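What follows is one chain in structure tokens, specifically the form predicted alone.
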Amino acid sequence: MFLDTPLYRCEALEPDLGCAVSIKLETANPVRSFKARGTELVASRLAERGSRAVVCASAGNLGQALAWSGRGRGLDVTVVASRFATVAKLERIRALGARLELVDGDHERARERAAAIARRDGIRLVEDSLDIETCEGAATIGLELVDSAASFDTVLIALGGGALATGVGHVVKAMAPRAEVICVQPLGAPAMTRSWHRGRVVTTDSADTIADGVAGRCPIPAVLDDLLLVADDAVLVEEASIIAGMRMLLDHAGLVVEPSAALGVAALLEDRDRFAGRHVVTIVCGSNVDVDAYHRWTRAGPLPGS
């Protein structure tokens, strides 16, 4: 149920964006994000080995996916998250049966706490983007892209910890090397993008973006090394463009998406000339959003440039 997600040309978006646009829709599943492609691998392998417990840190989507995958295999799942994470995501983690531990501070603090729990209890720690299963899961999206009948010139990938970008990027570069892999990150959470441009890990003191799913501050060195092999570019986009992208996906594609899922459209809005005449695929990676915040964003004033 997490594989072979829809990939389709969305012509309604094209007049405003100035290029051919296809959507890879990763939200029509029980956890409403691509993350279960990886957690299904994690949970199945743990169950095969007789392991009974697993812990992860999550901004919300990984935690939901691991809770869902673990519940079906009898695993004891603990998710550590910031108490400031999106409430809807936290509630869904609890509803799926995981033990949820909240920490003060941001996602980096949650990562530290999850690692401490794993050491204390001697259980598996799932580190998104670093653990191979999370990247292998994302790589299946790349396989589905290159196996599709339609050729594409560019794929725009939301960049957070890097699992989606590296997983998809490795497949595209191996099987469709002429296609450009471009990663997109919010200007308010630029650590991985800055690291990619400088070729070394760059951390930030804070992250300030509505795109909570990609709001990391401390890139993992091994993940950056991987990203340097497969990404052709990494760009930063403004918050206003992310909101405009969310509104366009609602108005023209009928899709309710979380901010991270609109990063690709935001990149198209900010640099129409760069993508003019191309066939661009954007991966709509999640739709777990706070309803009240979503209404505020999508009902705001005129779109940039209108």
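Throughout, we count residues from 1 along the sequence that is shown. Nothing here was measured: the structure is a model prediction, and the numbers come from that model.
If you look for the form predicted in complex with a further copy of the same chain, you will not find it shown, but the lines that follow are about it.
Is a further copy of the same chain in the model of the complex close enough to 80, 100 and 217 that every residue in that trio has a heavy atom within 4.5 angstroms of it? Negative, none of the three is within 4.5 Å.
Item to check | Non-hydrogen atom contact residue 271 with a further copy of the same chain in the model of the complex at 4.5 angstroms | outcome: Because no heavy atom of residue 271 falls inside 4.5 Å of a further copy of the same chain in the model of the complex, the answer is no.
Fill in: 4.5 Å heavy atom contact, residue 37 and a further copy of the same chain in the model of the complex
Residue 37: no contact with a further copy of the same chain in the model of the complex.
Mark residue 12 yes when one of its heavy atoms lies within 4.5 Å of a heavy atom of a further copy of the same chain in the model of the complex, and no otherwise. Flag for residue 12 set to yes.
Practice task
May I ask you to check whether residue 240 falls inside a 4.5 Å heavy atom distance of a further copy of the same chain in the model of the complex?
Solution key: Residue 240: no contact with a further copy of the same chain in the model of the complex.
By the heavy atom within 4.5 Å rule, which residue out of 96, 145, 117, 230 makes contact with a further copy of the same chain in the model of the complex? Contact residue from the list: 96.
message: Based on heavy atom distances of 4.5 Å or less, which listed stretch (271-279, 54-62, 39-47, 247-255) is in contact with a further copy of the same chain in the model of the complex?
response: Of the stretches listed, the one contacting the partner is 247-255.
Practice problem: Would you mind checking 2-25 for residues with a heavy atom within 4.5 Å of a further copy of the same chain in the model of the complex? | Solution: The stretch touches the partner through 6, 7, 8, 9, 11, 12, 25.
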